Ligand SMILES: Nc1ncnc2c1ncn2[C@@H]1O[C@H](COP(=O)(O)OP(=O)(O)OP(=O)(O)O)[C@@H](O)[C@H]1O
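Single chain ahead, written as structure tokens, the form predicted alone.
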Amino acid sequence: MITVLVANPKGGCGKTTVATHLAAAFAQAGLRTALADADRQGSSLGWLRSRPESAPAIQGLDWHDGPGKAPKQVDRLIIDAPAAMKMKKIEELLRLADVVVVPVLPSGFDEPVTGEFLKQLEALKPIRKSKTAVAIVRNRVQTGTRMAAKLDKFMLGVGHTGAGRLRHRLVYADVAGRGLSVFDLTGKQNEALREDWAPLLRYIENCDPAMPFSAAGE
């Protein structure tokens, strides 16, 4: 089993979007997948309650009171971490994680908070000893804009892997309310959006060569 922790103390950076889409991608690939919601707001669990029965199944776990036991016979466990969580709680979740995915927006507010969070992560033993990998995902990017260029510059100084760019598209808000993801939709436009996720999926694949993704890296 591979456990992926999606975390960033900055609210509104897209943690739940990333967590639910990763869970949907793994489920669509035929992997037994669980999604643990560690946020009291319960957005990921709400997404699961809206998920149609026709979509690939994802097991939901309520972890808002703390980490529970990972279910047996699960190939991928995704943990949706809350915003503004204390480092003690981060450490609890980090002990379970093979990969930490950190979404960051092209924003003068998000970049400093994310940079400080990454410094805090680096001081923790699992990261310091390279037992847990860290991947940063640029989220809601509008290609060719000044803010996108500024975010690229920020990425050069963080010292961690940049695992792709997710373009800003209204479809993400639409599918969220229906318990779906771009991996559950058909059509060429959605196929192009799924390609945005390829570098991150490949990065996670490197933790398990058996993972059924063959996307090229960034």
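Model, not experiment: these values are computed from the prediction. Sequential numbering from 1, following the sequence displayed.
The same protein also has a form predicted together with the named molecule, omitted here; what follows describes it.
Segments offered: 49-57, 183-191, 65-73, 36-44. Contacting the named molecule in the model of the complex at heavy atom distances within 4.5 Å is 36-44. Proximity of A173 to the named molecule in the model of the complex: non-hydrogen atoms within 4.5 Å are present. N139 belongs to the set of residues with a heavy atom inside 4.5 Å of the named molecule in the model of the complex.
At the 4.5 Å threshold, heavy atoms of L22 stay clear of the named molecule in the model of the complex, well away from it. Among heavy atoms of L201, none comes within 4.5 Å of the named molecule in the model of the complex.
Residues K10, G11, G12, C13, G14, K15, T16, T17 of 1-23 are found to place at least one heavy atom within 4.5 Å of the named molecule in the model of the complex.
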